[in-house]
Structure formats: structure tokens, C-alpha cells
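Okay, here we've got a single chain as C-alpha cells, the form predicted alone, with questions on binding and movement later.
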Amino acid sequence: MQTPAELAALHKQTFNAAPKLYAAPGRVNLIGEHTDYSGGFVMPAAIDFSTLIAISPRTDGHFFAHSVNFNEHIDKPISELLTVRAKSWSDYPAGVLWALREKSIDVSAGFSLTIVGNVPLGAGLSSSASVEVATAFAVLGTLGIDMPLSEIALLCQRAENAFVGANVGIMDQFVICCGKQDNAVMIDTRFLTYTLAPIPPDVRIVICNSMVKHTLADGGGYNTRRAEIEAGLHILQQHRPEIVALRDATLDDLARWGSEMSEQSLRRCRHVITEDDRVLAAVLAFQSKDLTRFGELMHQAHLSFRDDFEASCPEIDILVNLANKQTGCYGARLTGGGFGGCTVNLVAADHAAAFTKAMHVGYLNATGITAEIYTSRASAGAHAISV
């Protein structure tokens, strides 16, 4: 990827204007899956793959954005940009401008952007949210507007929900805004508060992309499971009306009234309730530097994701089993929405290279598939860059 100085030079050459530069990372979720829409807890970390944006103001009411990665550009009047989706990469920065305008922030003068990034596409590492947050920081910085980080995260989530049309939760944008070097971020998705959980600097986050994405026979694995959770929640609320979301329920509640649910609803609800407990325990494990305990929680989370939520697949299980056999691996589990995608692994830094090689070879031998593997530390959130 281009350095910030190279990106600034390219922007100046293209637009004859000295830019400001901003960066926003991607993210991976360490523990806490399918808990966000139940008002629960998640623990992602920003990673050291990022989107860089060079920006300069315009006066002609146009939005000109050049993507270095796609070697494409878009040049439209702001009024047209914010009314018609292009159904391409440009919808993500355009959506942010749309959301800013919805908050009565004047973006009508226009902007020139040069965008480059190295967040892997299609790997579940939030390349889209990275672009959104980088754009928000860049435009707000250019306009001289200060906005709390939580509000920026909500604005970017709204851009993706209402403009792009993707029904995402708040986790991605929030951790990209609030990430801190060598820390995971435990987010309370009900109150939008967070707790930093320090990751030792001699530990690496290794992400293994299985390169597969399975679709369930009904074509709606996510929607089906969400409906099963809501059905179970409804039964619990009939007995305990004070339960607003599964975050408020306990395993004792399931023991008392789970027999009234379908087997599927019972297991989905059990996953969410126990996963919230695991996230809270994981914070304490990091705070006490107990990596063995954190690894145990990752293992429990994977089993729950596999057995109770039924969102794993053979390739993912192969990756997790391989990882658990490697020296220096504290824990491994499926991360993201499920049914394929990536595993996240916590690995001692001095074993990371050997771990990566063993995973490549073992997975290829077992499946015939070449995995993409990314090694990272927990990184800082979005920020301005000095050139």
C-alpha cells in the first residue's frame, strides 16, 4: 500500500491541492458473536490494516473520489451523489456525506478524496466500515467540526444501514473509532460504553480465512437464527416482563421455561446468554494477563457457536482443530457471522511465523484450499496523519 507521503503526493498531483490525511483500521472480533442485537457484549480489536484518505475541500459542489485500489473514480454533484446509489465502493463515502447532511451538517461545497487501503476485502474484517469511518474523520476534520467518537460511529452505522442498505450492528464502526493500540475493546452495545482490555505486546492476532462461505438450504441462516432467538425471548418475556433483551436473561430462566421453546430456540438463546458471560470473563482474563484462561473462553465460544448456534462448517472446524495443535496458540475460534469466513487465533509472537506456515500446509492438505492468513496486533482507532 502507498505510504501517507505517497498518497499526499498523488492527491496533490491529481487535484492541485495540498490534502489532509486520515486513517481508519479494520477490525476483528475476538469473542462475542450474535450478542449485539440482543443488547449484549462484544470484544473486538482494531487491526493494523487500514484505509487511508487524503482530502481537500472544493468550491464547485462536486464530490470527486479516486480509489487507488480499484483504479476508479467518481465525480458527481453532491445533490446527485446523495440521491442515487451507485451500488459500488463509492456508496460508502457517499453514505457518510448523506448521513452528515441528515444531521444538518453542510457538505454542499464538495470535497476531493483519494482513497487507498489494505484491509482484505471479503474477509469479514470490516473494510467497508473502515472506509466509512475514515471518510467521516476526513470530512469532519476538513469542516473543523468536533464530534464525539460514539456519535461518529452511529453516523457511520446509519450510513451503511440507510444509504448503503446493509443491516449491520454498531460493533464495527464503534471499535474502528475507539480502538487503542495493544487493547481489545469490550463494548456494551446497549449503552454504547466500552472497557479497554490490554493485550500483551508479545501476542499476535492471527486471522485465517477459510476462503469458503456456505449458504444454508433455506438461504437465510442469519435471519432464521435471529427469528429463533426472538421466539425464545418472547417466551421468557411472558414469564419475566422485565426482560427487554436476552442480555437480561439467565441460564436459570432457560432451565425454568426452556421446555416451552423449540429445541432450536433454546439452543440459540443459550448461546447468546453464555456468550455474554464469556465476554465479561474475557475482560478479566486480559486484565489479569491470563492468556490461558482467555484461550479457554475462545474454545468454549467456538463450541457454542458450532453446537448451539450451529453456524460453523467443516472447513472452519478443521482450521480451529489445526490451530489448537500448534505450539504457542492460546485459543482459536470462528469469528464473524458464521457459515464459513475466518477464524481468529491468539498466538505468541515468537511462534506466529511457524503457526502461519503450519496452518497453510495443514489446511491445504486437509481441504485442497489455500487459506489467506493475516497477522496483526491490536491497533489504534481512526486518527489524523501528519505528513
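Every value quoted in this text rests on a predicted model; they were computed, and no experiment measured them. Start at 1 and count along the sequence shown; that's the residue number.
There is another form of the same protein, the form predicted together with a small molecule; it is not shown, and what comes next is about it.
Student: Based on heavy atom distances of 4.5 Å or less, which listed stretch (165-173, 312-320, 145-153, 255-263) is in contact with the small molecule in the model of the complex?
Tutor: Among the candidates, contact is made by 165-173.
Student: For this chain shown on its own, do P44, D48 and G179 all sit within 4.5 Å of the small molecule in the model of the complex, going by heavy atoms?
Tutor: The answer is no: none of the three residues contacts the partner (heavy atom, 4.5 Å cut-off).
Student: Looking in the model of the complex, any heavy atom of G362 within 4.5 Å of the small molecule?
Tutor: No, no contact at 4.5 Å.
Student: Any of the heavy atoms of Y330 lying within 4.5 Å of the small molecule in the model of the complex?
Tutor: No - in the model of the complex, heavy atoms of Y330 and the small molecule never come within 4.5 Å of each other.
Student: With the cut-off set at 4.5 Å between non-hydrogen atoms, does G32 touch the small molecule in the model of the complex?
Tutor: Yes - in the model of the complex, heavy atoms of G32 and the small molecule come within 4.5 Å of each other.
Student: In the model of the complex, does F339 come within 4.5 Å of the small molecule, counting heavy atoms only?
Tutor: So F339 does not count as contacting the small molecule.
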